[in-house]
Structures are given as structure tokens and as C-alpha cells.
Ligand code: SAM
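As C-alpha cells, one chain now follows by itself in the form predicted alone.
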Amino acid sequence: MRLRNVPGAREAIAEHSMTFTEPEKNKGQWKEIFGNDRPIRIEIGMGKGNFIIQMAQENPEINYIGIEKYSSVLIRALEKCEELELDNLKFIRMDAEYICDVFEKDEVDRIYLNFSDPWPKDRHAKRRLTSRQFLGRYDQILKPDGIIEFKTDNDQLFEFSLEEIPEANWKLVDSTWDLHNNEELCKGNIMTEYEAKFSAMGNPIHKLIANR
């Protein structure tokens, strides 16, 4: 997918009170930044922010951090927050590869991965956000009882993810190849922009939950 450049997006993000462009300076200090001791949950590759903004609105007792590397996409999430007063939501512009430079051990309660880039070529497998390399990174920042939740409509990426879980010494808690027809796993489901689009096209949505 080709992303349209948004003039001034990088500068606007850098100046916005909800965003952090040098997040490594805040490693281990996120509870102080939020000003409370509530759980911290992050979404990696949050796109235009529909999912994490709604999560923050519906769960004021939880702190959320949305992570997105593209300024042209992140700026859209900030625009959606203009009329909202959300003190439990922050944004980081960064590449997920450096996640361990930003969060301390046991600092994160839960990680959401929604419709991540499938990186279809085999030589790019380690770039997939559900690869054993990324699962190793999550292991360093998640609390011992922390979990990841992953959604996609991509069959190959989902099958790859199911195979990577045990290879990375993680455990599969639950999974489904058809989320919207799984009454239990679909409870409280919040759709992302891509989820709404792909579901409307008739694509089944896949989901897995994993822990260590």
C-alpha cells in the first residue's frame, strides 16, 4: 500500500502534547507520564487509530499507547482526538523494531497487533510482528501474565503466526479463523479500519491470543 505524504505531518506530530518522538527517553517512566499506576497496553501498527481511541474511551481505567511509524497515518489519529479529552492515551512515532529501547521489563500489560504488514516474501519473515524475533522482544517488556492479541484477514500470515508461537516458547491461549462468527472471542470486539473494510468484502477475520 502506498502512503500519501501529508505535508507538515512530522512537525505537527512533534509538537503535539499526546505524542512522543524520542520515546527512549521515557523508558521505565510511562506510569509517571500517565500520572497513575494503571495497566499499560500498547497497539503496534495502530494505523489511523480507530481501535486504540475507542479502547481508551471505553476503558478509562487503563492506559493506552499507540505506536505507528508513518507520520502521514499517525496525524490522522491525532485529528480524531481533537474533540476528545483522553488522559489515558498517548502516541509514539517509531519503528516497532526498537520497542525494547522504549519500554522497561514488565512495563506493558498487553500488546495488540491488528492487521499487521504480512511481509509476504520469505526473506522478510523476521519483520513480521508475530515472528519469533518480535515475540522475543515482547517477552522482554510484557509482565509475566501479559498477553498479545493478534487479528488479521491474511491466511498465510495467520498460519505463520500459529507456527511461530510454540517456536518462540509462547503458548496459544485461544484462536479462531472466523472471529465474527465466534461468539466467545468476538465479545467486546472493536473493529479497526481494515477489519471493517475486509469484513465488508466477505473476508473472514482471524484472531489469536497468546502468552508465555
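Note that residue numbering begins at 1 and tracks the sequence as displayed. What you are looking at is a predicted structure, and each value in this text was computed from that prediction instead of being measured.
Only in words, not in the display: the form predicted together with the named molecule, which the text now covers.
Go through 181-189, 164-172, 37-45, 141-149 and give me the stretch that gets within 4.5 Å of the named molecule in the predicted bound form, heavy atoms only.
So the stretch in question is 37-45.
Residue (of Y70, W30, F160, W177) lying close to the named molecule in the predicted bound form, criterion heavy atoms within 4.5 Å
By the 4.5 Å heavy-atom cutoff, the listed residue in contact is Y70.
Can you work out which of I111, L129, I75, L89 has a heavy atom no more than 4.5 Å from the named molecule in the predicted bound form?
Contact check passes for L129.
Considering non-hydrogen atoms and a 4.5 Å limit, does the named molecule approach M94 in the predicted bound form?
Result yes; M94 sits at the interface with the named molecule in the predicted bound form.
Does the named molecule come within 4.5 Å of any heavy atom of F115 in the predicted bound form?
Although the named molecule is absent here, F115 would touch it in the predicted bound form, with heavy atoms inside 4.5 Å.
Quick one: which residues from 185-211 get a non-hydrogen atom within 4.5 Å of the named molecule in the predicted bound form?
Those in contact are T192, E193, Y194.
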